[in-house]
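In the form predicted on its own, a lone chain appears below as structure tokens.
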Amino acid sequence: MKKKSYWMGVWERFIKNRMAVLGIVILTCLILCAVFAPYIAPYGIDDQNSKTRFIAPCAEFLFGTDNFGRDIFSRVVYGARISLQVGLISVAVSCVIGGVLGAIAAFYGTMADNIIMRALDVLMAIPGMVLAVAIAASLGPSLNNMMIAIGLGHAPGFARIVRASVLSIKEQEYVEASRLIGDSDFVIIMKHIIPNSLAPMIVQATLNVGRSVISAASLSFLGLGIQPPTPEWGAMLSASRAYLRDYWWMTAFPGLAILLTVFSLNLVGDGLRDALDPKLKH
């Protein structure tokens, strides 16, 4: 009988988790909306019409219209592109920066560990959102600057996770054996350290995409992220807060989009954490 691979076992445990599968389904729908936004959205993102201002949700305008007569459904669909892009790219920035720093600190230890981790401790003392706001305010409001700000704000958390994982892995027998046969540090890191550090990184990355979506919405809400008229869920909430009492749909649907995105990512992250947990192996 052919032995199942490690990742096949992870996948089988993952799909047995109904909530994780629900998260994948919701997330897949959101991704499809982002990819096929031009075919799904019935109107343009900035099609204004003074005659269709403040129309409640109906057959023609599924999510209603805003103060400029723009179709909110179309803007929410296009907004998925921005939010998911920011979430994925900012987490990639966090993974690269935090992963490299954490791996160097753990693998080489002593002075490198002390310098890197003390510097990261200083950053960890500052709440991630406050750090992201400070960086975004310094760099100026734009999509690229927002992704950099969020990525840098979350990097210390990744560094700590990778450091803890590498500290455990580098003492394993297969790493010692690799050293004895003359493998260089680069070979050891690429062949043994990184592959065996992927599990906690994957879980942290999945959960952090949701946090990054919230951070992006918060920065845009504060005016430090995406600028109008580009549709971004946080910016849409900020623009419609003045009309919250009379026109509830202007804030309800962008808010629900954020909620569904973060909810699905958290379900997937929890499912991955359980599937990758060594204690659940048979």
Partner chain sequence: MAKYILKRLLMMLPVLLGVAFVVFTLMYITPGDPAKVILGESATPEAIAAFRQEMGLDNPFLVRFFDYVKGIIFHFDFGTSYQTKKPVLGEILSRFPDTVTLAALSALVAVVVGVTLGVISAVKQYSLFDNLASIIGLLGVAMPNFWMGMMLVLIFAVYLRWLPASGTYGPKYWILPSLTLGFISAASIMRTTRSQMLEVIRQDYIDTARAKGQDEMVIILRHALRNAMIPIITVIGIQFGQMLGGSVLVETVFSIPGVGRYMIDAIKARDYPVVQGTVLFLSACFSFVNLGVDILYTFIDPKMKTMYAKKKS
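Residue numbers count along the first chain shown, from 1. Remember, it's a predicted structure, so these values are computed and weren't measured experimentally.
This next part talks about the form predicted together with its partner chain, which is not shown.
Here the marked residues A125, V133 and I214 all reach its partner chain in the predicted complex, each with a heavy atom within 4.5 angstroms. Taking I40, L256, L62, L32 one by one, only a single residue has any non-hydrogen atom within 4.5 Å of its partner chain in the predicted complex, and it is L256. Of the candidate stretches 248 to 256, 24 to 32, 40 to 48, 64 to 72, only 248 to 256 has residues whose heavy atoms lie within 4.5 Å of its partner chain in the predicted complex.
Contact annotation: A56 falls outside 4.5 Å of its partner chain in the predicted complex, judged by heavy atom distances. Interface membership of M19, defined by any non-hydrogen atom within 4.5 Å of its partner chain in the predicted complex, is confirmed. By the criterion of a heavy atom within 4.5 Å, S240 is counted among the residues contacting its partner chain in the predicted complex.
The closest heavy atom approach of V262 to its partner chain in the predicted complex falls within 4.5 Å.
In the predicted complex, the residues of 135 to 153 lying within 4.5 Å of its partner chain by at least one heavy atom are, in order, I135, A137, S138.
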